[in-house]
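As a starting point, one isolated chain is supplied in structure tokens, in the form predicted alone.
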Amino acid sequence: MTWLGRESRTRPGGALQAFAFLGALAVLPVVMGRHWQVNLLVFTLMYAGLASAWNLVGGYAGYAALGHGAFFGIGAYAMAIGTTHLGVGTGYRPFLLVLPIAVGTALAVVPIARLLLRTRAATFAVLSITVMFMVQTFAYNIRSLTHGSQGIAVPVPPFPFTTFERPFYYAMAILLALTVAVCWAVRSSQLGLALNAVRDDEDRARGLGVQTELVKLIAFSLSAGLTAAFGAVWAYYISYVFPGFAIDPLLSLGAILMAFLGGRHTLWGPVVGAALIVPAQQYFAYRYGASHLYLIAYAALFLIVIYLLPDGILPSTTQRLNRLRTRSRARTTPDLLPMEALNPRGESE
């Protein structure tokens, strides 16, 4: 189990990024205080967290998981059932359910994950999305708990109208910060190195002694638990849950596209992708929603960025900056004499 040890310490630049990120999360609802603005921030943070959580499996391990909507829906229904059937109540008390829901989901998916992770590539992708549709089918048919296709109502929280969105914003912000911290811890440990080895060549990694099954299981479990936590907060915010929305394939695909856009297997890529796509999607929907042209504009924006930055925004930008730095250094560094211009004594002729 030595791969669980830390690989490197926190660098000053990383600490500054973390403080800047937390500071921005704290002041954003103050700067953007209108209801529609805070509502947009809530969904932006939610998708940033979902993309980061998916990145643990899809980015670091390289497994194309398409069924994370199942875990989101499990978290949403767990919150709805807890506030209605179990009588947790309203106000701030339902937020106390988020952590148990996350931990419970992470543990509950272990048996399923062990079966799924025995497959790879397209087979894994198909089976993961099949699991999502199975969960959706259960939600439609277990009417005693989920109320079937009619959905289940969540008690409306008695928050002041002027600041109604802020408790949910800060709940999403805390979850996003936690998700990014988990991703950083994984990347900075030998667990991250093991996942990268699995992504590059799983058979070779196993031959070198990497416990591939265990590291994949840990990544999948963490990813599912964090996804369920966002689903729980979303359900309390929306105040109504039914299978078509809570377990939606488009939600999973949206989070995956944001991770691809920002840059897979990077720490801040999914956050950057969500920060760009969610506002753009809302803008196009508001501007062209009546004619459904917003879908074309949304797809065109994504295709343009992927065409210009195929590896994602952050990796592609970093590569181009490195090339510019290399060229600038080459211009300022005097040309070296070729080896042929040296005599056997090492002196120029």
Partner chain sequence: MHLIVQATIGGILIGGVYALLASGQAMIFGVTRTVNFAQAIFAILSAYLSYTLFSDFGVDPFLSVLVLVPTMFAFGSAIYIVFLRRLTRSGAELALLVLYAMAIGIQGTLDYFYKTNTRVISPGYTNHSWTVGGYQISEVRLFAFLLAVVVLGSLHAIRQHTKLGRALRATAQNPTAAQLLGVNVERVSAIAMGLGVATAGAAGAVFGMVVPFNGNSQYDLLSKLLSISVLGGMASMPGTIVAAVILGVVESVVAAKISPDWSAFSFLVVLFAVLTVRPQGLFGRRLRGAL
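As the structure is a prediction and not an experimental result, all values here were calculated from the model. Numbering follows the first chain given and starts at 1.
If you look for the form predicted in complex with the partner chain, you will not find it shown, but the lines that follow are about it.
Residue in contact with the partner chain in the predicted bound form (any heavy atom within 4.5 Å), chosen from 249, 155, 167, 151: 249. The listed set 177, 129, 193, 275 contains one residue whose heavy atoms approach the partner chain in the predicted bound form to within 4.5 Å, identified as 129.
With the partner left out here, the partner chain still marks one of 221-229, 260-268, 99-107, 182-190 in the predicted bound form; by a 4.5 Å heavy atom cut-off that stretch is 260-268. A residue is said to contact a partner when one of its heavy atoms sits within 4.5 Å of a partner heavy atom; residue 112 meets this definition for the partner chain in the predicted bound form. At a distance threshold of 4.5 angstroms between non-hydrogen atoms, residue 95 is out of contact with the partner chain in the predicted bound form. At least one heavy atom of residue 138 is located within 4.5 Å of the partner chain in the predicted bound form.
Shown alone here, residue 238 lies farther than 4.5 Å from the partner chain in the predicted bound form, counting heavy atoms only.
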